[in-house]
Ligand code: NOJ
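The form predicted alone is given below as one chain in structure tokens.
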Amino acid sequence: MRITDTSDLWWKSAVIYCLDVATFLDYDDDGVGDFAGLAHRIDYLQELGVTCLWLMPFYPSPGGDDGYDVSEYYGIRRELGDLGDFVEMIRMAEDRGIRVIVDLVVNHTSDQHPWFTAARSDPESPYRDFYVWRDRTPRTKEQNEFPDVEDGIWSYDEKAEQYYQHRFYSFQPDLNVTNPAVRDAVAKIMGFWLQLGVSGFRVDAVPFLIDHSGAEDAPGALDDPLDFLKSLRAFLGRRSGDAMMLGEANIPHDEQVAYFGGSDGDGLTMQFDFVANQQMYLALARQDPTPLVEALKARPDIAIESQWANFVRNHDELTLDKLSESERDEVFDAFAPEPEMRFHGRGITRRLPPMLGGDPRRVRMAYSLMFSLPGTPVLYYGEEIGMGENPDLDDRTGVRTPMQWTNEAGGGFSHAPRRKLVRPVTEGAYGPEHVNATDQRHDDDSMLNFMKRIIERYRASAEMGWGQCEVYDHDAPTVLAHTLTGEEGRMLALHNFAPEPATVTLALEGMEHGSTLVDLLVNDRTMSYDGDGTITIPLDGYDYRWLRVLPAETKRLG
């Protein structure tokens, strides 16, 4: 299938940028970010090269889980604005070629959602079966996702006089997707936001969304829970032919294939590659790319409509649960040596620059690596300027601090008094006086301008989103060498995981005499291939190269 025949698959070569409206820009200076502030920063996102904006939950919520405890699916939290502000932001983004996707959090609701209020109040209510209830809890206690906070997955409700299921916090009762009415309600929610102009959804906690445990024998249960994902994808296709679903499914690669819909590709459109992400951190800790190489080689084949999403950091803890205990300890020792830097013993609550000791070479190498891996890159707000975390905040909130726009107090996020800010601004070496977007816009060697360049080169290299990946063997053990080959051409990527220089000698199949290797990240740096069967490339410590392979007879630009 030619790329020109599948240009509607925009997510294959997108640049996705995740942000929380509440911490991005406070336009009315009440201490909380808002949609008016986001609208005033759409041009910034366009300049950066963002093509898809992912918004974390902005729905009405009691705020017990940073907005993931939704109490109303058809509205916007009052302090963020209203639906008019949302639509205006969508219009401005579309005008600049930026699509918008929103979080779909339907594996549970808030216990203050009207559905749950009705369910617990009356056993005859049609909403009773929107949730999973039991008169008695199972003898075998199942561990909650937050074992340090919750004792199991069942809580007793005095009003309902039954136990309800919650895989996460007790104020987040699980929805019962074996109930066809719940499945219809989920589709209705999607239809509403599609009508307002969104281009898809980041689907939260997918394995829990389709989990039938506790209600396996319900009359409406599907024979295969994955059919729910397929039905949502089909609905999406009917309502909007080019909308997508990006799934959060922290599961092994072989299970992810089924979530994609197998060879038909009729399930989730995209999925985060948590396996490769965790192996990347193990590789960084060891200064040896082997764990990541093994993860890339183990990636299963997926349909052309499907795509992997690559990331360095996200809005949650940096989860390490797919590593062995000894491997996890290696990463902890390297990047989170103090207990307060860890989350429930399974993850890290830090951003990348502090984890890497602030070494700009290593930080940039990590992002160069992420963009060069086969798949679609996903950035978390502030990564483009090298923001750090606030270690004084608990758990995940340390990486959810206000965006740092200027070097003034409040980081240009808000002029409200410090006590009114939705969350404290980071202080110290990564505070806004040292790390902010304004100063970096005027510094050619800044992290921001590095990120702009790397995004520009990524967008101009179709093989990076569409191409086939091949990892090369060579004689430099600290270097990852891989090619991406597509209809538009081929690119060689080299990344040195160690601080010491290395020299890579390798043979590239299909190289013709007179071919040229053009460095996409450094102007006027090229290499000619003399036809002896190998190429030799020196790398500095933590160095990285993107080399476009140009045959002697080509119309492609270098």
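Everything numeric here is computed off the predicted structure, so don't read it as measured data. Numbers for residues come from their place in the sequence shown, where the first is 1.
The same protein has a further form, the form predicted in complex with the ligand, not shown here; the description that follows concerns it.
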Heavy atom within 4.5 Å of the ligand in the predicted complex - the one residue of D204, E150, E327, D273 that qualifies: D204
The single option of S414, Q307, T426, Q172 touching the ligand in the predicted complex, heavy atom within 4.5 Å: Q172
Contact of F146 with the ligand in the predicted complex (heavy atom, 4.5 Å): yes
Contact of E248 with the ligand in the predicted complex (heavy atom, 4.5 Å): yes
4.5 Å heavy atom contact, L292 and the ligand in the predicted complex: no
Proximity of H315 to the ligand in the predicted complex, heavy atoms at 4.5 Å: yes
D288, R362 and H474 each touching the ligand in the predicted complex (heavy atom, 4.5 Å): no
Among 459-467, 256-264, 371-379, 102-110, the region lying within 4.5 Å of the ligand in the predicted complex by heavy atom distance: 102-110
Residues in 55-86 close to the ligand in the predicted complex, defined by a heavy atom within 4.5 Å, in order: D65, Y68
